[in-house]
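The chain that follows stands alone, in the form predicted alone, written as structure tokens.
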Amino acid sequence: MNYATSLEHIKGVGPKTAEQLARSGLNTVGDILTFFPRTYDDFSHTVTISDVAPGKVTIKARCESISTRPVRRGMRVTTATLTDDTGKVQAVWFNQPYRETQLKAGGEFYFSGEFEFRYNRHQLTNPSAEKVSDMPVQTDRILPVYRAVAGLKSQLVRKILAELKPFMTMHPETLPLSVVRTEKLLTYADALTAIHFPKTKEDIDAARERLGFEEFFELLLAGQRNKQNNAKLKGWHIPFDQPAVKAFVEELPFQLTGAQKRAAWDIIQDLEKEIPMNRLLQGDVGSGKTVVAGLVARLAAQHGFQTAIMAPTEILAGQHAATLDTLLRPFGVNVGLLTGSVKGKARQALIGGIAEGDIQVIIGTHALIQSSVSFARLGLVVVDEQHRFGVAQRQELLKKSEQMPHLLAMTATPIPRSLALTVYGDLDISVLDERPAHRQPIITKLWSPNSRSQLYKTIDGEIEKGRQVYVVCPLIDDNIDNEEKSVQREYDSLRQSTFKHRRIGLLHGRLPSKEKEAVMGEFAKGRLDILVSTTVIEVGVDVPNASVILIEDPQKFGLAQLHQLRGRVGRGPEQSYCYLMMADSKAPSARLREIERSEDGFYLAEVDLKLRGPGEIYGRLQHGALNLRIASLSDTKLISRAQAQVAQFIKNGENIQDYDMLARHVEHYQRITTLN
């Protein structure tokens, strides 16, 4: 038996069971061994019904009666009366009608769940239920609960893993023994056994520490190997030209911040090396990344190199083109914009100018990577909002050069330090963490729907002063099963009532590109007072006259995304406001209070990471998902320990091929995290 053995060869797994497991993505022994528990039910400490108190409890009881009824569309409630020698208690399950069949079979069960006062009575809410006679003795009654993928039952997974337990206990070590001993970790075999068959809570903690450490070790080692591979490549030598840089800076209508100067110097030093630059420029909203990109594009053009800047949307590409044309035209640097909207003779002329080298700075969308586009001498590639592009798309653009061009990735999403160490481990990082001097802090306030009319008067007062307003909603279409606002419904409502005397536009992702451009253009020119939109305005939209953004149902968004949306205002010298309209009059969560009190995107990113996980912060990985099964990217202490051991592993000159599983996992992470 090995990791690749089909589960059909395991005792008790027939064709039907194998089919069910396959639907859940479990095909081999390796799949199910690394299908780690979602949580655990602890049946080792039970109380009698007469001693039940509010909180998490476990009781041993029989089911006296049970019934299921529909309460509204898509929702069924199962209610049971549970009894033991000391009394009775109600149990309620939501959308778990199978409990009726399970409990009607009779017998004693362990029920574990939250005992609370709800719907005017005390009850056990959604308790797990395990038949006493089915309880495996060897677990000491701590049972793992697995994700119910495609209806998969935990009991089936536990049954198969019980058959595989002898294989688990003999599993060879996957990390260097020196690492395991230095860090005082469980062996891989012991960790697998403990996570699936824990006897105590300490077993679970030790197993998670070992398995999480290994995931970080693999990820960090992948980043370092990518960095080593990049160092072997030959890039373009672009020397520092002090007069050219000085002239560019002096021509600016504002002073560069200290952070912008430091980031520009980092990049200039990278360009002088023959190793291709591989740098991430991360800056909070409105910190001035485009100006830094313009400065280094000017330097590249001075030495006969072209710069390609790829942006995820036509709106953002257009704004970059307008900004950079203003900055670079005085120095004779030609700027071109290539998007899907550029057609016919104009497109052919533009592509010809790029191929001949007449256009030194080319800004575009995915259109830049089309086969018809070739460059005369591409020396610098800038990928803006790089997490919105896949690995393959970034690589296609890099291939447009005779040898590896310098790569500058930019993001307005502040990246938590733990992500910078792990997912972006192969990158050098520069940070823009200063606000340009002419920008004021944005006043952020949470509002109850009871005060909507008062807020609308406040917003109308801003419009009266000549300012403009964004209204952001989370959905395009109405959904009667929830209370989220539809952007279309909001647009119609505002036009027909409160703001019928104002000019209102509508923007969302399903509009054709030309319509999007037209609406955004009208707003940018001040011909619309209010723009009702989805999150398509989240990145790169720059209208200095917009001073108010109203975000409906803010609880539907992550903090990082709310911070990005807030950054659409405050781009001019006037005081700006971000209003968050709650869906109901309940007290806002502590999470939303954070966005109200802090404008620090880096702090909010850390909070978001802890509360919501990494999401797509690391990008659309086309060669597979990051898929950390155990490790938490907010666990900076474990990351630091793994980082130290990776450095020692490399220093010792260890051969990764001596560790089969480690080599396979590291290679996987190298593919999905590399930028070039």
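This is a predicted model, so every value here is computed, not measured. A residue's number is simply how far along the shown sequence it sits, counting from 1.
Keep in mind the form predicted in complex with a small molecule is missing from the figure; the text below concerns it.
Student: Are all three residues 184, 207 and 641 in contact with the small molecule in the predicted complex, where contact means a non-hydrogen atom within 4.5 Å?
Tutor: Looking in the predicted complex, the three residues 184, 207 and 641 all stay beyond 4.5 Å of the small molecule (heavy atoms).
Student: Tell me the stretch among 458 to 466, 256 to 264, 82 to 90, 121 to 129 that has any heavy atom within 4.5 angstroms of the small molecule in the predicted complex.
Tutor: Result of the contact check: 256 to 264.
Student: Is there any non-hydrogen atom of residue 421 lying within 4.5 Å of the small molecule in the predicted complex?
Tutor: Taking the distances in the predicted complex, the answer for residue 421 is no, it never comes within 4.5 Å of the small molecule.
Student: Looking in the predicted complex, any heavy atom of residue 439 within 4.5 Å of the small molecule?
Tutor: The answer is yes: residue 439 has a heavy atom within 4.5 Å of the small molecule.
Student: Although the partner isn't part of this model, could you tell me whether residue 338 comes within 4.5 Å of the small molecule in the predicted complex, counting any heavy atom of the residue?
Tutor: Heavy-atom contact with the small molecule at 4.5 Å: absent for residue 338.
Student: Counting only non-hydrogen atoms and a 4.5 angstroms cut-off, does residue 571 reach the small molecule in the predicted complex?
Tutor: Result yes; residue 571 sits at the interface with the small molecule in the predicted complex.
Student: Which residue, 289, 508, 566, 394, has a heavy atom that falls within 4.5 Å of the small molecule in the predicted complex?
Tutor: Only one option qualifies, and that one is 289.
Student: Pick from 594, 542, 490, 190: which has a non-hydrogen atom within 4.5 Å of the small molecule in the predicted complex?
Tutor: Checked against the cut-off, the match is 542.
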